[in-house]
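Form predicted on its own, single chain, as structure tokens, below.
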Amino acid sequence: MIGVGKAKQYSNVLDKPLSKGKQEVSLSAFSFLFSELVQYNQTQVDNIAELERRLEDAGYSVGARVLELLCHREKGNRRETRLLGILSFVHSTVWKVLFGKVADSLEKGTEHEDEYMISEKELLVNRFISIPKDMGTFNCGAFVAGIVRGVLDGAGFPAVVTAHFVPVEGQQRPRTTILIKFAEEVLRREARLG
């Protein structure tokens, strides 16, 4: 008989293990949903800065949830306590889960001690976006900046996170840089931990 076997019985739904499930989402489905998110928010605002802020806020809630999920699955409910550890976690683990690969680069700012940059040649949220002339410097990377801010805040590393286009010589499209500027308290804590 098909289906006859010993299935493990759980007395409570909370006792059931979390399945990893299918970890990929169709690129066309994501593109459509993200496009709808951008279009909806575009009708609710008057300027580009407000649109980017709304996208960042949407990304923030995603980032908070991603942190919880990954800390449970990958780290046995442990979180990073060091600055370089959390940056490496975002650059590699979070990026790989969200975009299927590690980010192109993670760099420390040369001008300021509290700045770090994650750069991506072709960020997924900007890949299929064409920006009208009247929207100038609009960057959908604000959504990803919100995700990064959500992960960092949830892990206890408050920061201001913004997305910027950086022109690359010899390429038509600029790369996207996620600029992370940590709060002073994070740097003090890191210095104390030595």
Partner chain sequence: MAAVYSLFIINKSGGLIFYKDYGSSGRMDTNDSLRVASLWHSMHAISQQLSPTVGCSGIELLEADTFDLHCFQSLTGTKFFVVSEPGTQHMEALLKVIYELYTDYVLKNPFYEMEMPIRCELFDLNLSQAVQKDRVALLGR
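Small disclaimer: the values here were computed from a predicted structure and weren't measured. Numbering follows the first chain given and starts at 1.
We do not show the form predicted together with its partner chain, though everything after this point is about it.
Q. Of these, Val166, Ile131, Ala49, Leu69, which has a heavy atom no more than 4.5 Å from its partner chain in the predicted bound form?
A. Only one option qualifies, and that one is Ile131.
Q.
By the heavy atom within 4.5 Å rule, which residue out of Thr137, Gln44, Ser35, Ser61 makes contact with its partner chain in the predicted bound form?
A. Of Thr137, Gln44, Ser35, Ser61, the residue with a heavy atom within 4.5 Å of its partner chain in the predicted bound form is Ser35.
**Q.** 4.5 Å heavy atom contact, Arg65 and its partner chain in the predicted bound form
**A.** Contact with its partner chain, no.
Q: Check whether Thr162 has any heavy atom within 4.5 Å of a heavy atom of its partner chain in the predicted bound form, and answer yes or no.
A: Contact check for Thr162: no, nothing within 4.5 Å of its partner chain in the predicted bound form.
Q. Should Lys181 be counted as a contact of its partner chain in the predicted bound form, where contact means heavy atoms within 4.5 Å?
A. Flag for Lys181 set to no.
Q: Please check if Ser11 has a heavy atom lying within 4.5 Å of any heavy atom of its partner chain in the predicted bound form.
A: The answer is no: Ser11 has no heavy atom within 4.5 Å of its partner chain.
(Q) Suppose contact means a heavy atom within 4.5 Å; in the predicted bound form, does that hold for all of Thr81, Ser88 and Ser92 with its partner chain? (A) Zero of three within 4.5 Å in the predicted bound form.
Q | Partner contacts in the predicted bound form for 151-188 (non-hydrogen atom within 4.5 angstroms of its partner chain) | A | If the 4.5 Å heavy-atom criterion is applied to its partner chain in the predicted bound form, 151-188 yields Gln172, Arg173.
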